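A lone chain, given as structure tokens: the form predicted alone.
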């Protein structure tokens, strides 16, 4: 059994884990990153990056990455449901000219793989196909983890700081005993790519009873489609196969049905869920959680990658401070928790409200019809989901002055 020490051990190589590992390697730390999968790998997920993701990629030296990978530019969002439909565009505020006015559609297998490659190029040791077994501790402080490699052999890694970045069903969070299910948000997603769909400038969100379609054009002109529904809807399926099941739900969505007409599905339907989890804390002595592992509520509007990149940057800053001055570690981790609460807390609460609201068709219909009458409010909603505006800004008069001047 190997037993090696690094400054940081990152468990999970998705966007949060890879971005964190890259940041810390660039800062001169020794980093080991471990994942149960080999990359590139398919990832059932919404495949949209909001405009605010770009500054975080720029900080990592990856500012041109999305265009290099052929990501599709997404200018806004079309919201539909129950006979009502309204569209909005990302607006650019005068004081945030550095942030683009469009998001990006890109397959996760392409995006995630590029981040992993960048981390490896920066000196990160990457161990794919290693299954997490357990955390190790010394004097109640997490100091490493044990894994099994592809041949089933035990592998141990020790580190000054351990990070759980292993996604919404985080085994690290479970091992810490801090993960809690949100039983009311018992939803699953069916995900697939299609070809033969004309590229569109906006993402499509079609609200359904208890769920929704979310779809966008991604790189190579493919159409990425997600159908998110409560578990009971999947259990009570009467369709002969998953294609028929999706078509039944698309029948109530003219925009989605029209796009799928004549399209060809490229791989089997993949499922993932459930989606609702919270954590009682994002840090314990020696270990921190980041990305979906730190708590997840399906944002419905494609903010998941932004949550991951923001969290990685905030945790990277905290770990850097803690490793340089170990005595400051508790304060540094407290700053990380506060940063998450301040930036992501209101957005996660908004996601919960949206998820509860779609369970009331009359409320959705009334809301969408109101947006139809005031299109500029739709732009505001869409720009909020693009993460360039924080919900707390809505109470500031200065924001509304800037909004009136927005292009």
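Numbering follows the first chain given and starts at 1. The model shown is predicted, which means the values in this text are computed figures rather than measured ones.
Although not depicted, the form predicted in complex with a small molecule is the subject of the following passage.
Although the partner is absent from this view, residue 63 stays clear of the small molecule in the model of the complex, with no non-hydrogen atom inside 4.5 angstroms. Although the partner is absent here, residue 90 lies well away from the small molecule in the model of the complex, with no heavy atom inside 4.5 Å. At a distance threshold of 4.5 angstroms between non-hydrogen atoms, residue 208 is out of contact with the small molecule in the model of the complex. Although the partner is absent from this view, residue 305 contacts the small molecule in the model of the complex, with a non-hydrogen atom inside 4.5 angstroms.
Judged against the small molecule in the model of the complex with a 4.5 angstroms heavy atom cut-off, the residues 11, 43 and 131 are in contact without exception. This chain lacks the partner; the member of 167, 286, 230, 76 within 4.5 angstroms of the small molecule in the model of the complex by a non-hydrogen atom is 167. With the partner omitted here, the residue from 114, 102, 171, 259 that has a non-hydrogen atom within 4.5 angstroms of the small molecule in the model of the complex is 171. Of the stretches 277 to 285, 319 to 327, 233 to 241, 187 to 195, only 187 to 195 has residues with a heavy atom within 4.5 Å of the small molecule in the model of the complex.
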